[in-house]
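Coming up is one lone chain in structure tokens, specifically the form predicted on its own.
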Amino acid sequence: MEITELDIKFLSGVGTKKAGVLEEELGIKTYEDMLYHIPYRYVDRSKIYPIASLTPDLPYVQIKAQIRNLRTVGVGKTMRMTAVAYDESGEVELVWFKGLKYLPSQIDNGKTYLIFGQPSIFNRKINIVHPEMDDFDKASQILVGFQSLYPTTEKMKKSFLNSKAINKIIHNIFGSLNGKIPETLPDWFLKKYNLLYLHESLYNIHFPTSPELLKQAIRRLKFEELFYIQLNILKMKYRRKTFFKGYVFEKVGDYFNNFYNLYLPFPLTNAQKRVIKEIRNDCGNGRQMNRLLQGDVGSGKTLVALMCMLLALDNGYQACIMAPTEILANQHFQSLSEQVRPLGINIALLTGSTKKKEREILHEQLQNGSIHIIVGTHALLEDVVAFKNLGLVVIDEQHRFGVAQRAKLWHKNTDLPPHILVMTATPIPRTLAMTLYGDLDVSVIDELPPGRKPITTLHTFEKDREKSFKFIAQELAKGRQAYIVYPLISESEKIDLRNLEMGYEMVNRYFLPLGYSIAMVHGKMKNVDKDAEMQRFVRNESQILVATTVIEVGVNVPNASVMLIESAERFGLSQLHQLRGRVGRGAEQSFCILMTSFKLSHESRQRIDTMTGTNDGFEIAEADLRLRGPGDIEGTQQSGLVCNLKVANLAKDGMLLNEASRIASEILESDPELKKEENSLFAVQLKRIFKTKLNWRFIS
């Protein structure tokens, strides 16, 4: 065991209780975990301010002062402790609301202290609330120069694990390691790319000795993190392309040609043609395809998927398409059935609602090959579902399926794995795609079918609701339909459900007298009721659908031309974009109205401005990455590494990621299995970093 892998509880000043809190709150178990708990910012403690120069707009400051008049004031909840700190230039009040029992024994009148905190103003006087205080004569080296501030939680603070305590623990780790942090990059590599040694980098990221060294330390640690991610992903991609054989779709036959020549619903865009060509090449080269198909809502991904399934059928193989919800599976089944009806293809549907008797027939037909295409939900993953010869699997909205679930599809054949095409309507920023899906080949449909008009997005406030309703009524009068969407967020779902129901009543009061019918759906309804309400809207039996985000994926009503999103500030950017994509599916001009309260945070304002400023999903995804970070853009922790980057930031470090990817590619070009002596440390590190990760990378 490396010294850095020692349990943190054995370190002086930690112990079992604090170690438990560190693990529970931050996932820190070892010395190494602690060393990679990176400061979120630094304050310059090389400067000592005269008290007379303090103003409330200064950030954290440091003063050298003596203390007098430590006393308790107030009663009950207003009780606090105050003291006066003074130097030659003036005096300032210090205030504490916590720890009142211990303070008198820790502070001596007349002693000189190094006091650190943020000046604020109260009753027209400057004060510092909960300052950090150290005996000036004993103030250690770590309290001068740049001081690191660390992310902490309330629970940590209650266990005396504030930022200062974290800093001290890390200081103790360096003392006990005594320069023994093992290097993780080869010497030749460090010299070639001008990178600091690991020990020096980690020391300077916690205890910077100069701004320049801090900059170099950050660069080294970010680069290494991104480099090993790229090296791992690209090595996997190389191995899969080398070792995994796939079915060869040699011919383009009657199914494909007849559909293309006779039954295509509208001409393919150049982007669709390009993607079909890429997929045909993948399926014809004898290697197993793993391709990610990105395309904005309404760009025609499903049509591309259908044509690829017809290619599988032409070569004697079965195909399946898996959707995350029954609504979406039903919708795929209905639209695909219509499109392939003239071709004499047997297409079936398997979901959780499929009756037992029907299932038995389906299972039999799948095994004897009489079903050509099956559409389904998670039900397709059950062990009892077996195929005669599954050649292509299409996975829709792929981030909604766990990787382990998708892996099951690999074992539906006994000889070779099927080709995999994963589709998403969530545009993924390029940097995120490189790290989440760098091992997949990526296709992008970047143009909308002809005749589609960009959606006009408007921002309005709650006080103008009646104007918005009036506008919706004008659209309905033209024979169109409308969505009105409410947030339903699990943490406060009772309040949200009430808001939805109140909203439904309000919509009824306004629109029923005008002769319009209103349907309502939300996630708390039974599937059968939800589907019935959805179908009423699809058939235009109801003109308005009041809904929660259950409609985000999977309702296709070309006649719907307007969407009103209530409390739009409570939705993330990609969710707003997905919702907006439910309209604009016909040839008519469509509208999306974002209604918010008057008070908006800076970030909410940026989100709304982004939505009203562009329809481009990739632009929106990039903005989302900048605003939120990568954590939940795709809801994907499946790679086990990308979304919990410790140092690098995908929104800001795109150039460094490109450099890391280029260098990783160069190394693998000359040594794909990392067998050369000079690259042996890379192989060791990959094994160490990814040892706890299940290697799902071969499975889409």
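The first residue of the sequence shown is number 1, and the count goes up from there. Being a predicted model, the structure only gives us computed values, none of them experimental.
Keep in mind that the form predicted in complex with ligand ADP is not shown, yet the notes after this line are about it.
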{"item": "Which of 296 to 304, 588 to 596, 199 to 207, 116 to 124 lines the interface with ligand ADP in the predicted complex (heavy atom within 4.5 Å)", "value": "296 to 304"}
{"item": "Contact flag, L458 vs ligand ADP in the predicted complex, heavy atom cut 4.5 Å", "value": "no"}
{"item": "is_contact(T269, ligand ADP) in the predicted complex, heavy atom dist at most 4.5 Å", "value": "yes"}
{"item": "Contact of N556 with ligand ADP in the predicted complex (heavy atom, 4.5 Å)", "value": "yes"}
{"item": "4.5 angstroms heavy atom contact with ligand ADP in the predicted complex for R219", "value": "no"}
{"item": "R570, R452, K408, K241 - the one with a heavy atom within 4.5 Å of ligand ADP in the predicted complex", "value": "R452"}
